[in-house]
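Alright, two takes on the same chain below, each alone as structure tokens: structure 1 and structure 2.
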Structure 1
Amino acid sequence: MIGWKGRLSLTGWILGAITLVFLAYQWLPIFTLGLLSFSGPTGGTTFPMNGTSLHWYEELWRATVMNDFKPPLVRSSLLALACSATTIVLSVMAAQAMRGQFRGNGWFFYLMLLGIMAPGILVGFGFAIMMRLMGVELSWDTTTFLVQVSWTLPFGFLTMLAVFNRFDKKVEEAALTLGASRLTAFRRITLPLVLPGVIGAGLFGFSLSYDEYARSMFTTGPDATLPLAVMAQLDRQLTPEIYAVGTTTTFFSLIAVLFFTLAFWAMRRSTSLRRSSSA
């Protein structure tokens, strides 16, 4: 008969194995894509690889106008950064408002979640029709930005709600009792404590915007974002250059995650140093 310690250890091993299988299932296609991006000049899009080289990355760099992915990459990166910053600000404001009781807060909650509930293609198509009726020109930095924020904001909002639900209001009340203004209490007390949620909301805003296709398909205008450019290339010709694009975008995404992680660590470090010096 296995004791409770043995059952606990066995459960840990089983859960660890399931987690490893899930991670392998998630990352193996990305690893395969990265491996195939280093095929030789005559390499195809399937195994076995025909040689190894940086040929397709060189092709990606000196691409012609028809398959130049650098401008779409820049557009998607700028758009993702803008959506990330906007998601952080709006989600913190909305979650902070939900902490208080006001008439219609239930309707406000469900209104914030409409961006998740509505199908992306219908949202993009309807928004594009509305903009045309209003005489607004479709563009990646205006109409696409607005429709993508409506998609990223609910995720940031839910993240901040979860963080604020675990937040002890007594800490804020103590700061207000000691004479701090509400703005000072938020800046010096609340924001450092909810900073992990802020970073999470920013990551949601960046990652969801960076590879968004359905909502961008009808609202981007003549200058395509990276997902639209990749899909257009797939319709023309499938080469390992697509794998090079995917590997490059994955690398940029990891860099963004690392940046947010380092920013969070630096802020927490700075807060700790200030508290230790004031003590």
Structure 2
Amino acid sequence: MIGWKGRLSLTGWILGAITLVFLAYQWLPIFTLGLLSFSGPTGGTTFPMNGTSLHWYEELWRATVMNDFKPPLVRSSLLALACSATTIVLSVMAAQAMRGQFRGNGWFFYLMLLGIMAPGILVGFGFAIMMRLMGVELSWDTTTFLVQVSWTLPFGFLTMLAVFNRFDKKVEEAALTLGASRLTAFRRITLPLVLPGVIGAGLFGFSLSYDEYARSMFTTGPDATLPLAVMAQLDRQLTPEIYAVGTTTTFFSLIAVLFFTLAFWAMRRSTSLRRSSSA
């Protein structure tokens, strides 16, 4: 005799099958990209691979001016770090400001939401026109930086808001009644407790900036960032070298995510331990 819960699990199996098929659908291209990047020197852009080799990685390493991905990689990484740092500082400030409920904080919230909603192509294009009107030279380390922070900052801000929402205000109150100034209490009590959220905001800043294409495209000028260089190479010719670039950056993205997740987890563990031992 099968109980009613057993009968319900049929739906579970069907939904499970859909989920697994989708996961395969989602991951298969990524794995194929990785696999094809190791194809032999005569390998094309699809199967057969014509042997396995590191040929395309060597090409990538030896590449000269036209398809040299090393400088774009350096630029993208520096840019991502700068965006990450700026996002952290500004989003902590903005979220703390929201807690102060300053006049017009509702509008401020929608302004930040707009940064997420507004498509990159519009923001990038509009900003490029503005720079042209102002006569400012486009460059990856000035204009692109400005535009990308407008993209990463709202994500960091929402992360910090969510963290502060769950934050127990009484800890701060305790510090203040013990004679700490507001600034000291924030630095010594609040900040360490919300550190996991700060790391999350930083992760958003880094990852979103590193992968951003649309906003960079209009605002970068002559020295391309990595996604722009990849797209340019794709326009010139499609070789497994692109797959090698894609595999490398995907690999590094995954490492970065893993690193941040572990840091996040470790932080949360230590703060929750601290919290429970102080309770």
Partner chain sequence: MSTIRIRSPASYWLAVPAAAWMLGVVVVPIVLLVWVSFWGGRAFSTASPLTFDNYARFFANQTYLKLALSTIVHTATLMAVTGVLGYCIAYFLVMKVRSPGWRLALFLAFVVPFWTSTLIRAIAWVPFLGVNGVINQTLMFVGATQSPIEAFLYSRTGITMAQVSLYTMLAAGPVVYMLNAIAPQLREAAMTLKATPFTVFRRIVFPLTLPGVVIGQVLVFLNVMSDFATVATIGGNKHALLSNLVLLFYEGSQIRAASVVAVLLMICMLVGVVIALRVVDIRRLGAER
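In this text the structure is predicted, and so the values were computed from the model without any measurement. Numbering runs along the sequence of structure 1, starting at 1. If you superpose the two forms and keep the largest set of C-alpha atoms that fall within 1.5 Å, you have the rigid core.
Student: Deciding between structure 1 and structure 2, tell me which is the form predicted alone.
Tutor: That would be structure 1, which is the form predicted alone.
Student: Given a superposition on the rigid core, I'd like a yes or no on whether Tyr57 shifts its C-alpha by 2 Å or more between structure 1 and structure 2.
Tutor: No.
Student: Would the C-alpha of Tyr213 be classed as shifted by 2 Å or more between structure 1 and structure 2 after rigid-core alignment?
Tutor: After core superposition, the displacement of the Tyr213 C-alpha between structure 1 and structure 2 stays below 2 Å, so no.
Student: Honestly, after the rigid core fit, is Pro222 moving at least 2 Å at Cα between structure 1 and structure 2?
Tutor: The answer is no, as the C-alpha of Pro222 shifts between structure 1 and structure 2 by less than 2 Å after core alignment.
Student: Let me know the CA shift of Trp13 between structure 1 and structure 2 in Å, rounded to one decimal, core fitted.
Tutor: A shift of 9.5 Å at the C-alpha.
Student: State the core-superposed CA shift for Ala256 between structure 1 and structure 2, in Å to one decimal.
Tutor: C-alpha displacement of Ala256 between structure 1 and structure 2: 3.0 Å.
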